[in-house]
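Just the one chain here, laid out as structure tokens, in the form predicted alone.
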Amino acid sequence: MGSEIPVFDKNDDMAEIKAALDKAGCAVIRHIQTKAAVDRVKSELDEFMSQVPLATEDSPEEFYPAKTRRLPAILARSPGSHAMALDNSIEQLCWHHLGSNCERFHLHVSAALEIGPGAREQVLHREEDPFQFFTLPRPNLVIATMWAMTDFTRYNGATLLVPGSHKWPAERKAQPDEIVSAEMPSGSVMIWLGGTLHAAAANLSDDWRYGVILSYSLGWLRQEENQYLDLPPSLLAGMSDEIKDLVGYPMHGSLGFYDPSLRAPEIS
């Protein structure tokens, strides 16, 4: 038998969640969001998701399977998603796993993901794969979260995870019994370290599997999603200082310096 994904509830001991994430490289926290909060984000994104082009055919070699929808810039489009991005439990995990290597962390990727009926399985990969300068196993560079906007089941494309793979060398390959389905009810969140192998599973059901990914990286790393274009100063007006900090507008030490005389009032 392969390893299991550690599962917790919202009010469980954070020290136990941190330790489980250290060991397994992944974990699930159930019932962290209310139904009202989930419904709000889905409603705010509904019009945008309906406009995302839907490919119906692809090649098994393509990284993104067809019959899926992917929508970036979630914080710009959904005020309700800000509470998810700033969730206290996730913040604690970010500081625990990233804080020893940076002065601050920032938002790395934000996207809504719908896996449609008939979508094939995605290839296993790591969130940190763009940073090829580090050899495996890498130091903690990224921590990712997937918020369940619908139930995640093994039949509708629940994310596949390989517990423990964040500690593997490059030549170590996952065996079938080491790949686990991250089943969880709507309102839950799955967390995994950037070095953990994972992939969207095939959707064998008639339902759409809907999740929101919010990932975080060391404050001195280039973000995979260009947050400054998805959330330019013109869109930041009225947003909280916490969001401005999270998307990466503050300096990290001497990195990211700018001329204060040219600073837009929205980010002051």
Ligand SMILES: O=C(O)CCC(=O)C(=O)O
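Numbers for residues come from their place in the sequence shown, where the first is 1. Just so we're clear, the structure is a prediction, and the values are computed from it rather than from any experiment.
The next section is about a form of this same protein that is not shown, the form predicted in complex with the named molecule.
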With a cut-off of 4.5 Å between heavy atoms, is R70 one of the residues that contacts the named molecule in the predicted bound form? yes
Taking any heavy atom pair closer than or equal to 4.5 Å as contact, tell me whether H198 reaches the named molecule in the predicted bound form. yes
Does any part of Y228 reach within 4.5 Å of the named molecule in the predicted bound form? Heavy atoms only, please. no
Is Q122 a contact residue for the named molecule in the predicted bound form, using a 4.5 Å heavy atom cut-off? yes
Any idea which of 110 to 118, 92 to 100, 77 to 85, 135 to 143 reaches within 4.5 Å of the named molecule in the predicted bound form, heavy atoms considered? 110 to 118
